[in-house]
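What follows is one chain in structure tokens, specifically the form predicted alone.
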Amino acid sequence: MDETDDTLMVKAAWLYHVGGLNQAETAERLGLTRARVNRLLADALEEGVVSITVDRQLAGMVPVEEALRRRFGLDFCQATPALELGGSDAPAGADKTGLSPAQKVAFRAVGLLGANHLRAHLAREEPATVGLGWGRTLEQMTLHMAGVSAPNARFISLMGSLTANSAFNPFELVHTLAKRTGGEGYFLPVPFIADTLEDKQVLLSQRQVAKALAIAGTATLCMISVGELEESALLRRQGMLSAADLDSLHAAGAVGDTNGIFFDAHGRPVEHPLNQRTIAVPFEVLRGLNVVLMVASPEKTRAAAALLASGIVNGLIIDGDAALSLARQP
């Protein structure tokens, strides 16, 4: 009987990581080429079948974590090691996702720490209701959530949908976590920016939308990320913002966004037509919830500092290079 790729991936992972065989021995045991085994092991990490834990306490980041915790009045701050991989080496080093190799490491590392935090919350909070933003950092978190059982957990998007084909869409993140944990998934079945103010009011009046927003307002944990307002920003790359939108947001004082809400250097939502049409859990509601911000790559430092100044964030999970950059900010 031919084995599926998933079965082979799990067997290769067990033989290599648990059995202690090297890649050549694993290939021989499974009757595969070494190149195939290498690919299966890479897929096992990418899909979260294998999780790697590193003792971050030995990385020398505790003083930086504590300084950031005190500075922004946080309950906790966790940082990955500072790997000194540099910033973006795009465009030459970037792939179709727009991430350089250095940025990919940062996103995966922060995703792993985020998954560990979410696992712990699901284990101690019964039942848990988890609100989710969107983006590549949170997508990486979902990839490290294999093997978690939380049938009583609820996962809810904190904003409307972006594009139908985006892997970073909040709908996809909610669906993935609900599937992996056996929990329930709830969505805001609306676009994250309505075409007009009138359209927004009509959408908000729908019972399913009101129900989803009510569930989000009871979240025991919210996991969000932050976006920078540059030409390379994911919203711009996804075609959700035009060049004219970017210019007008800058003119309004915006430096970043979270959940589609654009904010200034003090973390205050800016006066702008896009913010008026955004369908998302507002800052005033998030302020009363347990909100954890995930930050990957130093390019997001300015936007992260502004959002942290807003007072809506309770915990910070950040890559080491970005943490050092943030600590140096005045």
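In this text, residue numbers run from 1 along the sequence as written. C-alpha atoms forming the largest set that superposes within 1.5 Å between two forms make up the rigid core. Nothing here was measured: the structure is a model prediction, and the numbers come from that model.
Just so it is clear, the following notes concern the form predicted together with the DNA, a form of the same protein that is not shown.
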(message) By the heavy atom within 4.5 Å rule, which residue out of N275, N290, S51, N38 makes contact with the DNA in the predicted complex?
(response) N38
(request) May I ask you to check whether R268 falls inside a 4.5 Å heavy atom distance of the DNA in the predicted complex? (result) no
(message) Test of understanding: in the predicted complex, would R34 fall inside 4.5 Å of the DNA by heavy atoms?
(response) yes
(message) I'd like to know whether Q23 contacts the DNA in the predicted complex, with contact meaning heavy atoms within 4.5 angstroms.
(response) yes
(message) To test your reading of this chain, name the stretch in 295-303, 38-46, 65-73, 260-268 whose heavy atoms come within 4.5 Å of the DNA in the predicted complex.
(response) 38-46
(message) Please state whether R39 has a C-alpha shift of 2 Å or more between this form and the one not shown, with the rigid core used for the fit.
(response) yes
(message) With both forms fitted on the core, check whether the Cα of A309 differs by 2 Å or more between this form and the one not shown.
(response) no
(message) Relative to what's shown here, the Cα pair A146 and E46 differs by 3 Å or more in the predicted complex. Does it come closer or drift farther?
(response) closer
(request) Over in the other structure, so in the predicted complex, do S149 and R39 pull closer or drift farther apart at the C-alpha level? The difference is 3 angstroms or more. (result) closer
